[in-house]
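Here we start with a single chain on its own, the form predicted on its own, put down as structure tokens.
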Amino acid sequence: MKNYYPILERCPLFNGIRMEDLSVMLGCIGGRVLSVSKGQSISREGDPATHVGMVLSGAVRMVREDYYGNRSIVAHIGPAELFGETYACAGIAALPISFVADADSQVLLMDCRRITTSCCNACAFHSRIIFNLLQLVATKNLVFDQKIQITSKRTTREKLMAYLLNEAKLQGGRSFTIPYDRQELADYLEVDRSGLSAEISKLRREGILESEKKQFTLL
């Protein structure tokens, strides 16, 4: 586990917690490492919402499927980022979404009840990690709100441009790489893939953007 300490240091959940306390803390909150292959489910819709996950290596996708099997990618989670915390903290009986490995990955799973409840040892780091978790849940809600603003646009073109402009702002430049291929981007934007590809081609012809696979440049 010590091999992952540099990743743990980057995770906001552990802000203000000394590295020498990490091994004790992880034991206290029931931390365990899980290795998953690309495409493998970490937790499925309907599973109990009991754990907070953190990506140690690789990547994880939050995926929602409707009754007919239509898939929507809700979020992409990379190293040092959390997943499942909103649902675990809400105390809901079952997950309404699934978490799937986007690459061969290792994830840290932590028991949410053991995070939010002080243990009998009254560990000094417990109040700090509870505070950090509260901030992260609030931040994640803002991220979900941002996606709603994108997908609530009326047309495929408006959704695509809203997403690309937001990515350019987040990555600090007009050239940037997104984490999705065309089908995955269509799933994220909740649009038809052929319609999305047609809009990208049209925007290229109009001189608004350049693109090559996952790389985009706004002109």
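The structure displayed is predicted, hence computed values, not measured ones. Each residue number is its position in the shown sequence, starting from 1.
Below, we refer to the form predicted in complex with the DNA, which is not included among the displayed structures.
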item: 4.5 Å heavy atom contact, Pro12 to the DNA in the predicted complex; value: no
item: 4.5 angstroms heavy atom contact with the DNA in the predicted complex for Lys169; value: no
item: In the predicted complex, Val191 touching the DNA (heavy atom, 4.5 Å); value: yes
item: Contact label in the predicted complex: Glu65 to the DNA, heavy atom within 4.5 Å; value: no
item: Heavy atom of each of Asn3, Glu81 and Ser105 within 4.5 Å of the DNA in the predicted complex; value: no
item: Contact residue in the predicted complex, chosen from Thr151, Ser175, Gln40, Gln183 - any heavy atom within 4.5 Å of the DNA; value: Gln183
item: Candidate stretches 29 to 37, 42 to 50, 57 to 65, 152 to 160, one within 4.5 Å of the DNA in the predicted complex by heavy atom; value: 152 to 160
